[in-house]
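First come two forms of one protein chain, each written alone as structure tokens, so that there is a structure 1 and a structure 2.
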Structure 1
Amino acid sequence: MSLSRFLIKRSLQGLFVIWGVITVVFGLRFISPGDPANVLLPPDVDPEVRAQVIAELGLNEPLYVQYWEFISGIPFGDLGLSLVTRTPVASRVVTKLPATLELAIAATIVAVIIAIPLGVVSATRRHEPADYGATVFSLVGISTPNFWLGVMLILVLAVQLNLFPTSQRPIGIDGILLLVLDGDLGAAADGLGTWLWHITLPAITLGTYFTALITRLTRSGMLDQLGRTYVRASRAKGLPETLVRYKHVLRNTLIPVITVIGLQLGTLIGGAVITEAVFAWPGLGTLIINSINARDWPVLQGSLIVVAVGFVLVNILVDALYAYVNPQVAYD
């Protein structure tokens, strides 16, 4: 199967998954307690006014009519209106999305920079103190809850040592790019420093589990590759050990690591809710929590749909990249 047919097949499968997510998200509103009209109306409102508001929201329509109205606008970017602010949900989600993407990508970069070298050292120095240290780090990283780690980092590094801010995002990558395009490189450099200062603790918090996972995966992959026949043949030919380890062994080890990194990136986009709440990071996670507290169902539904679409797109991209990196993998 060619790459184009492979991408078409994966895209169709992704559309089916997105449709399933949309259907589940739509149904959640009907099985959850409470009435969306209560968000807009006081408890002692006149029944006639209440009935009028329900009719305006379309909540008195048959279920299939509501479902069609909900799903028909999504391909055109129409996610409805917020019950609280009466503003388009799509605009609110798009406004918050860059902050979540920045956090997820920053956490991935932190994880990759730390985990791959640590996994390589652990594998090449097996049963040595470096290996034991990497193993302990991985176990601690996998076992530590993100919310607890975030609170501890705030208490120690932000409150006690005053090295980092406790919360907020005064500038984003989009704002820095605008400064660069305007030619104000000094302000852009200052903005980049401020952004790095504010995103460090949230990125470490979100990426710790990911770091531990990639470390263990890299170590096990390196150990598996080091025992292969081609490694013994390369050493027998007199190739330098550094070349064998880092050009041949590490390259083959990174093929499954790339897949996990891509899949985890999609997971980080959806899993940043708790981290954003701890650090008051103004992304989709904060928007989801606020919409749950306010029972603003259209905003919650729109946010979950965008997260699902992002996860599917990342999966398709990873599948294509994996097949490109390893041509022996069939496009199936």
Structure 2
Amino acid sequence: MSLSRFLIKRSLQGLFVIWGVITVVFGLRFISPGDPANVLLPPDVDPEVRAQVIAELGLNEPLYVQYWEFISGIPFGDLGLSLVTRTPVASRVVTKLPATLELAIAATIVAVIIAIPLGVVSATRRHEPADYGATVFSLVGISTPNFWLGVMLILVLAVQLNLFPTSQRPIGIDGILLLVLDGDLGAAADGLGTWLWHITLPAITLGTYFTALITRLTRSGMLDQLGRTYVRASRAKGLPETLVRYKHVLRNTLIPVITVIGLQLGTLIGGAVITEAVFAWPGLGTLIINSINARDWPVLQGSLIVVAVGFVLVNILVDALYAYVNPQVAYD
């Protein structure tokens, strides 16, 4: 199978999963106790008003009509209206998205930059202090709930030492870009500083589990690869040790690590939800939690769809990268 056919096949699978995701989210409406009209209206409401609201929401239509109404708008970005604010769900989700994305990306970058060299050092200096340090770090890192880590970071670095703010996101990357486009570079630089100052603790909170996980995977993968015969063969043909370690061993180690990073992006988004709750970070997670508390189901459904579809798309991207770096998958 050629690379492009592999990617087409993978995309079709992704489309199927996206359809499934939307259908599952649609089904969520039927497992909630009581109908949405009860959320909107006081219990002693005039039955006529009630019937009117139900008709307006389309809740008296046959199931397939409701399903079609729900699903047909999604390709055009129509996720319905919020029950509470009566504004389009899509625009609410889109305004919250940058905050979550920048948090997730910052955490991933920090994790990859720290974890891969740490894993390499740990594997190549086995049974030395650096290895023990990295092993303990990764064990504690994967065992620490990130919300508690966030609370502790606030406690020590924000409340006691006053080095960082406890919460809030006064400016985002989107705001900084707007300043740059306006040509106000001084303000943009200030904004960047503020942004970095505010995102540091949330990014550490979200990234620690990830860092620990990638360190662990890199270390064990590298140890596994170092024991392979091809490593000995590479040394036998006279390759310098750095070339053996990086070009051969690390490359083969990173191939599965990339897949796991892709699979764990869901965990990252889940972690972002709770990190946002700790730091009052105004992203998708905060939106999801608020929509549950307000029983605003369309907002919850829309957010779930955006999160899950994003996850599927990122995974297709990861698979494409994987196939490019390691073309043999396309042939299997």
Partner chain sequence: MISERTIRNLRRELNRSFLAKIGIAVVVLIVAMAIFAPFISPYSPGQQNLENARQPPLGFSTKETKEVTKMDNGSVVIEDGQVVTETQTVYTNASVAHPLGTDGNGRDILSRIIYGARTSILVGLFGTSLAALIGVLVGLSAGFYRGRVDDLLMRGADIMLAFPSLVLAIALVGVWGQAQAPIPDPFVVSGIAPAFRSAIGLSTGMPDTIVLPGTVIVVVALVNWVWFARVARGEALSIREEEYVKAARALGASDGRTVLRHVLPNAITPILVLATIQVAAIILLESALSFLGFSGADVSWGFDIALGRQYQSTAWWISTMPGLAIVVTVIGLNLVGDWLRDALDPGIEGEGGV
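Residue numbering: sequential along structure 1, first residue numbered 1. Heads up, when I say rigid core I mean the largest set of C-alphas that superpose within 1.5 Å between the two forms. Everything quoted here is computed from the prediction, not taken from an experiment.
Asks: Report the structure number, 1 or 2, for the form predicted on its own.
Replies: Answer 1, the form predicted on its own.
Asks: After fitting the rigid core, is the C-alpha of Lys237 off by 2 Å or more between structure 1 and structure 2?
Replies: After core superposition, the displacement of the Lys237 C-alpha between structure 1 and structure 2 reaches the 2 Å mark, so yes.
Asks: Return yes or no for Gln225: a CA shift of at least 2 Å between structure 1 and structure 2, with the rigid core superposed?
Replies: After core superposition, the C-alpha of Gln225 moves 2 Å or more between structure 1 and structure 2.
Asks: Could you check, with the core superposed, whether the Cα atom of Leu157 shifts 2 Å or more between structure 1 and structure 2?
Replies: No, its C-alpha moves less than 2 Å.
Asks: Quick one: how many Å does the C-alpha of Lys247 shift between structure 1 and structure 2 once the rigid core is superposed?
Replies: Taking the core as reference, the C-alpha of Lys247 is shifted 4.4 Å.
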